[in-house]
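Consider the single chain below, provided in structure tokens and representing the form predicted alone.
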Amino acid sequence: MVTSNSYLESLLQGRPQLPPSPLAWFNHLRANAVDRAGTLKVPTTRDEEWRFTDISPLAALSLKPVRAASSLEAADVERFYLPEAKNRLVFVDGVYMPHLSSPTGPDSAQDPEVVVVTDLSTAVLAHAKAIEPHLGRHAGFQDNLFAALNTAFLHDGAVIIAPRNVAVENPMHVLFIATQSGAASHPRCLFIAQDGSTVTILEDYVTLREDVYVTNAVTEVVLGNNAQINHIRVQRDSAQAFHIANCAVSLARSSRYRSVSVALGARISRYDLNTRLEDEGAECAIDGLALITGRQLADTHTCIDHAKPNGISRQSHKCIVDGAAQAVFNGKVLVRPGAQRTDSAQSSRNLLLSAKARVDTKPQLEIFADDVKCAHGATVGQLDNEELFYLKSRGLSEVAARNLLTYAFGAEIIERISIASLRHRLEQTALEQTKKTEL
């Protein structure tokens, strides 16, 4: 059994000496995370929350430090840029790249009506009052080794703050690019929508090479009263990589959080999304798609926590699994005592394209209030024979009919992405990955 100490040693063997921050609370946060990481163990299949996901290959890796400098130029990565995004933050192997980014200018620190799009090192000094109550407060690391390690490495990161009562028209693009074999990076994001604001944010993970590396990401999303965040998350890592991510979302009164997550890459990926409806009238809609093949494993764990009355949540998660791949979905809806008039619906639908493909799905409801409307359901199966027959009767071949139905199954989630250029790219990717030339 691999212990946390050996894994932590591997990760920290070449850890750069992080410069101390002039802010005591920031240094204290990192120090606490280092201490806590040393007491935690690497999760194994003996742990209930990880029983379908064996990450022992990850713990056995020999990892090397990330080089601070990158020779990448805009021409090397501009194919990942989005024409709709005027502001962009780019990180290469977890390190902020100013020359590839287009953050908001210094006026954002002076003008309360200008959206803040900047790196964490800049933000903790210029916007400490807005950041301190939230950084490291929502994605707890007391019982999560990966969140603790991410916080221990806290230095570079993406910070977006939508100011009060401002609707930000253009989407914000946070782009994480992997380039180094055997490297471990720790991307960090903090997204804040202050009272009455609206913003769309793309959190995007890509690679320039098919190689083995580790991405350990943490994102914290905070919505003020009547705020709205449209959060799109796309994971397109190398098929040999490991991707571990934790996202914590806090919703205030009458706020609305909309999430679409698409997982295409990584040999082993795990995404934990914890959404807490902290006050009355909060709403969330969480959609996810895992499209995997070969020997990939994609594990998604979500928790929607209704803490106060009149909350609404909707969740639809789909998996398309081919080859000998495995998908895992564990979705919990928690309705706490007093959270009356909660309205929640959850759906897990899974499509198996081969005899060796596997899906483990576990939708859960935990209800401690009596005036609620909650429902959930799960299906695992193959393509519908009646639908296949219908398409074939209209002149399509067996292969073409199967390809069309498979693509349509996943496209339902992709169509919910509000950024047109990204939606088109993902539709093309889904079309290519679901296309078979023969049965």
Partner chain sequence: MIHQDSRTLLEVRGLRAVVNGIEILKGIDLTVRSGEVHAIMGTNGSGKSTFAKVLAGHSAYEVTGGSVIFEGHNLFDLKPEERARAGVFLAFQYPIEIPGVANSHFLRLAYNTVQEQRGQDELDPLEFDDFVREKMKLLEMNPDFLDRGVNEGFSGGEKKRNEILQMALLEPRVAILDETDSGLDIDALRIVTNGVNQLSTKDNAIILVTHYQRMLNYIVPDFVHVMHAGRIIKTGGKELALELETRGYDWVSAEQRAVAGA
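Nothing here was measured: the structure is a model prediction, and the numbers come from that model. Positions refer to the first chain, counted from 1.
From this point on, the text means the form predicted in complex with the partner chain, which you will not see here.
Contact with the partner chain in the predicted bound form holds for all three of Glu386, Leu405 and Ala408, each having a heavy atom within 4.5 Å.
The partner chain in the predicted bound form comes within 4.5 Å of a heavy atom belonging to Ser393. The partner chain in the predicted bound form comes within 4.5 Å of a heavy atom belonging to Ser397. When contacts are judged by a 4.5 Å heavy atom cut-off, Glu412 counts as touching the partner chain in the predicted bound form. Residues placing heavy atoms within 4.5 Å of the partner chain in the predicted bound form fall in a single listed stretch, namely 397-405, out of 52-60, 22-30, 397-405, 39-47.
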